[in-house]
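First come two forms of one protein chain, each written alone as structure tokens, so that there is a structure 1 and a structure 2.
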Structure 1
């Protein structure tokens, strides 16, 4: 990366035994990495360590060799929460009890003890532990009884944040407002970032388009990645590369236009709801093999209830017949997994849930239930709106979860399509 050597180096250290055991997937490393990148700084590494003191101390030591060291976890009141003690040791600072902090944490703990009906004495060692910081460190405020901690060592600024993601995010917002972090982050400029999101095209076709458009380099960095069955093209422009970047973006947009559906990060379910809302339309779902995932994604969006009427998970032939009024004749002649049944399900959802737009999914998610004629991975999706409907047939053998997720994403994109201006000619 051009100019990378002049940039401050940032390290993230994440601690937690459950993380090095694979019991939990760390979310704080990715969050902090994203926060840094948005400010123009790519994390040099994210180190995940358990609570073994030697391993944690070594990781903190490495962290303090960077310009910025962000630490997640290990701030609790118990003996195996060692971040502060080991940070002090790695920084060569003594530990000091902060009387004001002790009072702040103490009053919280007292209230807590009262609520639990336990003597405050039980909490006192924890209070003293949590009020003890490396010399020169400052509290960023409390998360529960744990203070976030900022330690400015001149060459390195270290920030220790609590492990629970919501707490970490809250105290991180405070950390970025402090003078030491402004100083480090002031040395970089956020890159301009463009995000192209495509659906219905392969990663390799996008890679080919990139090559044909001249490729990246010279301050323009392009990452192509398949994410949840969409293709995301991330274009980072360094200072001075704007013009070259715009040319490249134009060179990508033109051959990929028909697949390009967004230039921001808004999820397709939010996009579909917004499009319905703008046109005053309501929406209903009818799902078989996706078992409610389409409805769940739509309703994950706050405020979806003004557009989304409801859905039916028709997992049996009987429910397709009785609730969605799919003709029994059709189920017998074409089978539940068929284009005709998908169309009837979408129409049924629209009609019987009283919506303007209906979308349906029916397929074989496996691992059992496939036949030579209708193998695992065969899925029919149908969407119908005021301007008519469209069906799609998928045939991607994969694991159950992938088949269901791909079908869900496809269903949402198909709704987007049938609501596009110009449909059904577009």
Structure 2
């Protein structure tokens, strides 16, 4: 099989000592891997490496052995931004100063220096550094003062992108339009992809359903992943495997139908807002142990303001009583962490914020505060809409963050169910 005929191989190198040390979470590696997969090319490896020159150069040497090497980070003006220098060394190319690029970066830096009231001379070394590229490389444009860089080595196409995710994504869109990347990506076909998204079922139950449906293989690849307390079943169909894939999907849908809530990448918070919007309903939240996380998920969706009226973080008994009008007698008799108080909080959110739908969360997130009767991990969620309401009790002993995240996801799914056609159901 010739090099032009075989399936191309891609590697992603993400650099930054802050990522290796755990100070920050890498967002660029997963983004680039998803982008490649959507275009039919699965990354063989995503490598995270610190700023040490020897470690980064070794990772770049390995990356350049692939057909496509994508690099994130290390393009700035400071001493520890070494990606371009080491990429040139790994590729055996000399570094050359680009006068046009120097002028482009310098223009931005001069304006920046003026705003800060500092002399441009302070910025000149960084400008020259960022305008110096490996021989034969080209700029993909600037994100801030850092250029994205494309280097076509023939056997390998290397793309270096800035570390900030928004900047990387902007320049990646330019990179995929270039002839060298089109040449590599033209050798693969995007697979047909189906994403089954489930809630309220275990991974083992989904795995059992997959086995009973015939399992993957023969052009069908299935990945089962627990993500934010949902189960995502990713089904990739290679060319020629469509019929087998549809049979497998039907075999999965049948036993899992009651848990299946979406077959696309739309998040549950977007689905909730869309359902409210379709019915002309508004939504409000009342939260205690989740501290506003449900509201944060909802407001992360652009355009949510036409549905979401607002939220109340009622952490103390006094705020539950005074703001949400939870009866003091109920707080004394049942306690703040109870099904009755969750129901009263949801009703209070509707009334206080003038919404059609209310959802509440109250519980013990820990690590302290639990008792024998109400241990850490006990959470009550309640959602109420025009057709009635429903409550859920969670008993999930875990760390504080996991308890809060699980409660948040459950609250959103409970609203989704309350808004389903035919609610209430048994």
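Throughout, rigid core stands for the largest set of C-alpha atoms superposing within 1.5 Å between the two forms. Note that this is a predicted model, so its numbers are computed, not measured. Residue numbers count along the first chain shown, from 1.
Working note: structure 2 is the copy from the form predicted on its own; the remaining copy is not. If you fit the rigid core between structure 1 and structure 2, you'll see the Cα of residue 319 move by less than 2 angstroms. After superposition on the rigid core, the Cα atom of residue 14 is displaced by 2 Å or more between structure 1 and structure 2.
The rigid-core alignment places the CA of residue 275 less than 2 Å apart between structure 1 and structure 2. Superposing the two forms on their core, we find that the Cα atom of residue 93 is displaced by 3.3 Å between structure 1 and structure 2. Per-residue C-alpha deviation between structure 1 and structure 2, core superposed: residue 123, 4.7 Å.
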